[in-house]
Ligand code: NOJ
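Next up: a single chain in structure tokens, the form predicted on its own.
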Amino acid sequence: MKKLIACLFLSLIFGFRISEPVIAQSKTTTSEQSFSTGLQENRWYKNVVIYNLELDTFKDSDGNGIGDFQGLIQQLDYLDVLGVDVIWLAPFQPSPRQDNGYDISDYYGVNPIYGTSGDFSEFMHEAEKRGMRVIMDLVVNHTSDQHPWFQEARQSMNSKYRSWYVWSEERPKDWNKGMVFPGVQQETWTFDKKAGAYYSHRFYRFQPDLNFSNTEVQTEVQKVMGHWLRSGVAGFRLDAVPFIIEDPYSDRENPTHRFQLLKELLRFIGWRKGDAVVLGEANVEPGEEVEYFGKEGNGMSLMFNFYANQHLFYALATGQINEFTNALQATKSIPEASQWANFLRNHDELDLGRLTEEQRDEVYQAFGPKKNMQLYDRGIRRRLAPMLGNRKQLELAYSLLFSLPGTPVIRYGDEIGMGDDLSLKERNAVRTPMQWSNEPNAGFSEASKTDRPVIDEGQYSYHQVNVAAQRRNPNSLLNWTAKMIRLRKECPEVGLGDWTILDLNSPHVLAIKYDWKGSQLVMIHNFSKEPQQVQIKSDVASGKKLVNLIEEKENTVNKEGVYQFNLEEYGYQWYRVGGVMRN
């Protein structure tokens, strides 16, 4: 009882997330275990698998060609069997849908094309029955220009909502700087004739920026968060975090950030729901994450590790691990309560903006050599499977995703190796309907025409790549992915433990050792298209046997006092030291 009271006290004061233990560690801890270890295990977001999907393209239940909540409910068993713990929903509120729903016109409702508020509640109930949490996109840097707030703000200088947005009577000197979508956007300040002034928009011109300097805006956003937390969501994926907290009148290319605004939002979430999480989208340099996580770990629970992700793709493109290893080390020192979210692909382009021009060109050459595969002068707009092009390297990438320090995030359809449609504009290339079967429209919809076209030609057409066929094939990517997710859940060391990169004296092979509560793991990955042989000193595992968690093999110390590993091209191996996990 004393420990429970202390946990609740710390939760209120420092923002610790106190909730039930993760499944892999559900046994009662002994009194000898430290208080901090108990808190660590109770951070549920550290040992889960997050699955990102969009209602538009997941499953259509009513034949109008657009996915909806009832369709998602129909497929919850599929996600449950796959091993998904957390569903991350893209925006589903009312919207003109000029930017995939990220142009919101009503923060409190459900877009009728996806169903009703009742359908949302039923979905939440069905997800909870299966033990799945739900986080939703929170898009509060900007609204749609069709939002009633902006429409009223345009009418008069005296409008209540005028100061809810960012205006300038004169065109700012940096009116065409700091664009999120260079090559597509022309400006970040646009003149509105009705308002007689320029309004700020870091994104498209139909997405005017909210003014977070206004306390009324802050209060309204808190109401929005409170509404959805009350509806049962477990937290938010916070969109475009640096833009929310920037001073819009500071230098567009080197803005001033007001982290106190972020702290206020997070404090409100913590008070409303103590174990709620915030997964932040903040593409920052190493060292800058400190202010986002909070120096005491009382900031955002998780952040996408964009920096490591970009260097991971450089390693996949070149077979050289040095830059990726440096990126992992550079992003290692984060607060105990914090966690990186690792991903391979998401709903946007593969952003390579943190690489040097030479490095970016090497990734382009390997994974996006044609101009129509590239986007915004910094990224690639392709799905993972067609980028990598072969099963072995695809498995290597996913083995890495599940074994890197942090929480894995999967994009819908990647578990079956879906492709892309480069005929679609910008990021829509990776936003095609889920391929459930070889029935018309990939089993996604019974409509005569779907809102987004299905991929019906080529190597990645739904005739070749679909869930139904892969379910029946024991060697399919789908069944392999489900097996790896189960394995990841049997390895809580990855989410909770301390980690060290082992020096193998190899430019191609990455080895990470995890330590947690007396249990140890060693994960080895060969980035080269050629077989590799590496050695690890016996003191790494105290001379104990290494039990392979993927194959029926063991590895012991040889006569020279080292462990020797033979890795095939793009090979990977997971080992438990001694073969016993401490519970």
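Treat the numbers as computed from the prediction; the structure is a model and nothing was measured. Residue numbers run from 1 along the displayed sequence.
Absent from the display: the form predicted together with the named molecule. The rest refers to it.
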Handout entry: Residues 313, 360 and 393 all lining the named molecule in the predicted bound form, heavy atom within 4.5 Å
Key = no
Exercise for the section: Choose from 270 to 278, 186 to 194, 381 to 389, 231 to 239 the stretch whose residues reach within 4.5 Å of the named molecule in the predicted bound form, heavy atoms counted. Expected result: 231 to 239
Practice task
Classify residue 147 as contacting or not contacting the named molecule in the predicted bound form by the rule of any non-hydrogen atom within 4.5 angstroms, answering yes or no.
Solution key: no
Exercise for the section: State yes or no: in the predicted bound form, is some non-hydrogen atom of residue 80 no more than 4.5 angstroms from a non-hydrogen atom of the named molecule? Expected result: no
Exercise for the section: Answer yes if any heavy atom of residue 450 is within 4.5 Å of a heavy atom of the named molecule in the predicted bound form; otherwise answer no. Expected result: no
Exercise for the section: Answer for residue 352 alone: is it within 4.5 Å of the named molecule in the predicted bound form, judged on heavy atom distances? Expected result: no
Practice task
Have a look at 340, 203, 398, 114 for me and say which one sits with a heavy atom within 4.5 Å of the named molecule in the predicted bound form.
Solution key: 203
Practice task
Let me know the one among 198, 499, 181, 402 whose heavy atoms come within 4.5 Å of the named molecule in the predicted bound form, would you?
Solution key: 181
Practice task
May I ask you to list the residues of 417 to 444 that have any heavy atom within 4.5 angstroms of the named molecule in the predicted bound form, in sequence order?
Solution key: 427, 431
